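Just one chain follows, in the form predicted on its own, and it is written as structure tokens.
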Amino acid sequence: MAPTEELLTLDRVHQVYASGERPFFAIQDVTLALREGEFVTLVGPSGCGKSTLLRIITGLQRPSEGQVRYRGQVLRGINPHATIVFQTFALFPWLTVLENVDVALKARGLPPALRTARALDLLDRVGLDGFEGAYPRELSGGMRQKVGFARAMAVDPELLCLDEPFSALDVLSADALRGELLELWTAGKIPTRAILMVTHNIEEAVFMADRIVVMQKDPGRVVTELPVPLAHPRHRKAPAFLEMVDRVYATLAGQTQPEHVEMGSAPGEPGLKRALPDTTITDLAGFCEHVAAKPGDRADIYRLAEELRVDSDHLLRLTEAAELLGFATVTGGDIALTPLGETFAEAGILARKEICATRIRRLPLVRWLLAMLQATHEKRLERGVAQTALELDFPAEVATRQLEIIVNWGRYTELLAYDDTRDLFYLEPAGNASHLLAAGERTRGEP
């Protein structure tokens, strides 16, 4: 289906959340157009606002600033021409397959006879003819998601929004359902005039989309749009396909910036605050070992996802952590280990701890928490105090997760410890972890 007139327009859309007295931008200054006949995907790291954009477009959420226009008219309230399919199946378990689709038609006020005929037609189109009387518990994950697609299409949506619709499925089911959706779309067998899909899977985006919108976080924003000039059906091993996947990865990974930019600043200091990537040091060590085994300690980032069997979001978090700790540099879609990264990859357990401790201690968030602990009389700090202080610079849920990451990294490097029973941070006694354990036991016995 060739793109024609403009269907949807986002004009300088912002989504702002307040935490205390400070606003946080989930989405900042997003301008985007979607035309009839287009299949567009939104890709980007977790926390960049992709799903928030879908909710704004469908009218489930109102933007803080900016306008959403549908066919030239400002959208107010729920968008009656759009529907959304989520990654979870969201079916009513007490209803049959036919009844689950019928629910959407009943809400539109159609008479029973027309509802049944239309529901049967839709189930036939998605390949569920014969399963009308089955209950969701009797279906595979892929079949349950097909019911979700049929129910979404029952209301004749002009715009179909998909929020990671294949991520909850096994690999084979996801591949089959992608192909079937594309067949329906390219053959014009569904009423939809455009599709907008959120995904973490870069290969999936290149396989399905006519255009890929790349987003970044802190704050969530659109950084570029990449057309996908490949005819359907697309072949995953074709050079042009692999080149496009590499290009998207290169755009998302960017290139390593100077250290002060990569690290950001500590709470209470001027400058951009950078959140720590949500990954473990153990995973990072395995990642560095894998890259170290490559010729020249260098690898194409897009190939690593398949080799390591991780999704692109996880891979990009590992890449970010390697950059942040000075273990690797990224440029042009390639990652290369630094001399320190090579040493880390080849080191034994204790040497890795020492290398990581030295690097992690320099990170602004870790340095900030260690300074707070050092300033206390007993070298311990209630988690609530750290949480409140961190929420001055991060939304509450982000602050919570950042403290969890610091606990994980701090325990690995023995820089600090955490008493889960009392929600207390402790400074790790230099050179002897057993001292900390003894101290922890003593504090647990205190009134």
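Predicted model only: the values in this text are computed from it and were never measured. Note that residue numbering follows the sequence shown and begins at 1.
One more form of this protein, predicted in complex with ligand ADP, exists but is not displayed; see below.
Peer 1: Picking from 63-71, 22-30, 383-391, 417-425, which part of the chain touches ligand ADP in the model of the complex when contact means heavy atoms within 4.5 Å?
Peer 2: Comparing against ligand ADP in the model of the complex, the contact stretch is 22-30.
Peer 1: Might Gly410 be said to contact ligand ADP in the model of the complex, defining contact as any heavy atom within 4.5 Å?
Peer 2: Taking the distances in the model of the complex, the answer for Gly410 is no, it never comes within 4.5 Å of ligand ADP.
Peer 1: Quick one: is Ser46 in contact with ligand ADP in the model of the complex, heavy atoms, 4.5 Å cut-off?
Peer 2: Ser46 belongs to the contact set for ligand ADP.
Peer 1: I'd like to know if Arg55 sits close to ligand ADP in the model of the complex, meaning any non-hydrogen atom pair within 4.5 angstroms.
Peer 2: Within the cut-off, so yes.
Peer 1: Report yes if any heavy atom of Glu397 sits within 4.5 Å of a heavy atom of ligand ADP in the model of the complex; otherwise report no.
Peer 2: Yes, contact at 4.5 Å.
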